[in-house]
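Quick setup: one chain, the form predicted on its own, written in structure tokens, and binding and motion questions come after.
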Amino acid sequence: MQKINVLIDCDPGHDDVMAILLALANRDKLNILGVSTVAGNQTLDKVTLNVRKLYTYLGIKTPIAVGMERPIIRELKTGDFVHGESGLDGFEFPEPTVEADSTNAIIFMREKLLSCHEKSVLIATGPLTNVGLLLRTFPEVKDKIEYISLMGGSIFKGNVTPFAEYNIYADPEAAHIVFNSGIPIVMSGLDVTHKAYITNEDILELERIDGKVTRMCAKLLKFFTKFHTNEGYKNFPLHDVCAVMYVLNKDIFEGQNLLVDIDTSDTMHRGRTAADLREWVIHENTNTLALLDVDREKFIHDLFAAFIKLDKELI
């Protein structure tokens, strides 16, 4: 089977790390062209350091590129209230020895996409600043992207506001470029990510396995769930993992093709992924497959299998 070319644009981030691990464990299926970083869950220097620390700990490396330190127009509002001071609190990583390969993620992504004979999938798990600038600056890459699998948005309700999910809210102008690019979008929004959850019992299972990766994941997830527990959650969504999992196993998801637009206003609707849900309106051209449901048991099984596979590889 021919490998799928993927570029991962992210802001690690606890759930970003879980998504990266899922991709790394499936290098027999995915040709990971590289990972680029963008400010979001924490500042750019911190999320980039997190990738470098993760790769140093694993002894695994794909190319790394450093992206944008702030949204295209707006001021950066980080998600440190969820992810902590480092953006990846909860586990003591070694000092990094892995360095970034490029300090210009936009050019890096262009070169990687154009170097491939086949089309690639662009996976985005943070604010869409890098992706939006890539598509606006180098529109020729559009023909090299099969689709964009992103974590962001929500059809029915938001998290950072009643209407908006954080990644889209953080840089709605970039999201507007992406959703109007003509490239097919697969949107893992809050509608599906809250069904792709992990439980305290699942985390205890990772602790019992106690491998190099499973042990790290258990400690990271224990910190990650603190915020959600304080907010009244009993289950804990692994948002970003969905964007990678879809590329690997589409069959466990259900979704709906919709016409989605991004609200770039300064009203309370800023960052809203507005979808036309009127049954009587026929849209000849939809732009987004909005994922709405997932087989959670299969989702967790495949994710844990990936962690255990890496445990065995890193012995």
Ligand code: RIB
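From 1 onward, residues are counted along the sequence shown. No experiment lies behind these values; they were computed from the predicted model shown.
Beyond the structure shown, there is the form predicted in complex with the ligand, which is absent from this document and is the topic of what follows.
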Practice task
Considering only heavy atoms, tell me if Met151 and the ligand come within 4.5 Å of each other in the predicted bound form.
Solution key: yes
Handout entry: Interface membership of Asn130, the ligand in the predicted bound form, 4.5 Å heavy atom rule
Key = no
Exercise for the section: Answer yes if any heavy atom of Ser36 is within 4.5 Å of a heavy atom of the ligand in the predicted bound form; otherwise answer no. Expected result: no
Exercise for the section: Please check if Asp191 has a heavy atom lying within 4.5 Å of any heavy atom of the ligand in the predicted bound form. Expected result: no
Handout entry: Contacting member of Phe179, Phe108, Phe236, Tyr166, with respect to the ligand in the predicted bound form [4.5 Å, heavy atom]
Key = Tyr166
Practice task
Look at the stretches 202 to 210, 69 to 77, 236 to 244, 132 to 140 and give the one with heavy atoms within 4.5 Å of the ligand in the predicted bound form.
Solution key: 236 to 244
Practice task
Pull the contact list for 74 to 108: residues with a heavy atom within 4.5 Å of the ligand in the predicted bound form, in sequence order.
Solution key: His83
